[in-house]
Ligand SMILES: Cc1cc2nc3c(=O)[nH]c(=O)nc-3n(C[C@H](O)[C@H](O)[C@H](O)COP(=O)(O)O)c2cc1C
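What follows is one chain in structure tokens, specifically the form predicted alone.
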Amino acid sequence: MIYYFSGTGNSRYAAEKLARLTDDTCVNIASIYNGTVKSVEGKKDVTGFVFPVYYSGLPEMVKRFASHPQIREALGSYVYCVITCGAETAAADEMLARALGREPDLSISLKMPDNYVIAYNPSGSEEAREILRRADSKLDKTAQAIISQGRYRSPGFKKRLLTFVMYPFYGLFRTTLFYRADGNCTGCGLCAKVCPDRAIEIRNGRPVWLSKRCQHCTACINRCPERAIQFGRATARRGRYYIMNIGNGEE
């Protein structure tokens, strides 16, 4: 079984490809949390986790999911993780190990297109296509490593230090306070539909953020078809990234 968490499609892309290459099944962690998936059949002796790194650590939903007693009890004899990132995964795999109560046998860092529009401009289409081409090659090799139940984890002191310094900012900055919809909003409701936290509700044709905190997966802001959702002021000048738009001439 492969469990994944994804906001703009990078980790879902990786999980679905690994599922095809390893003859396994993948399921969205958020769909389990939201109750839309009741039961899923996959390989019982192999458990994979595919997720993005946030502030050099785990998305909050992944951390809660991995530490749940039912997930711990259902782990296969072989456990691996593929961590998608723009640059560095830091010690996210060690955080996963603590949540699971056991070390992953295989930990892979997979560079994917940048998507955190809150802090910087996401990857454009041409750059994203090239990054995905290289990612495909690494996923092919990763699938072979999983099939042969290979073992690898990179050394950790510098990774731990980076996570120690950066991860506290995740708790600080994953506020919804600065989210808003500008005048381009059509009230289509896609933002509420794709939010893994169910933190958005459409009221009087406008999105309203219900929670003080969210995952900061940026699904709402990146997937809005009108680019109407903003976080503060800077995002209005930045592009958007959603993996399904790559190849469609959109940036």
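Numbering starts at 1 and runs along the sequence shown. Just so you know, these numbers come straight off a predicted model, no measurement behind them.
What comes next is about the form predicted in complex with the named molecule, which is not displayed.
Heavy atoms within 4.5 Å of the named molecule in the predicted bound form map, among the stretches 141-149, 97-105, 69-77, 115-123, onto 115-123 alone. Among residues of the shown chain, T218 is one whose heavy atoms approach the named molecule to within 4.5 Å in the predicted bound form. Residue contact with the named molecule in the predicted bound form: C85 places a heavy atom within 4.5 Å of it.
By the criterion of a heavy atom within 4.5 Å, G48 is excluded from the residues contacting the named molecule in the predicted bound form.
In the predicted bound form, none of the heavy atoms of F65 sits within 4.5 Å of a heavy atom of the named molecule. Shown here without the named molecule, the chain has P52, V53, Y54, Y55, S56 in 51-66 lying with a heavy atom within 4.5 Å of that partner in the predicted bound form.
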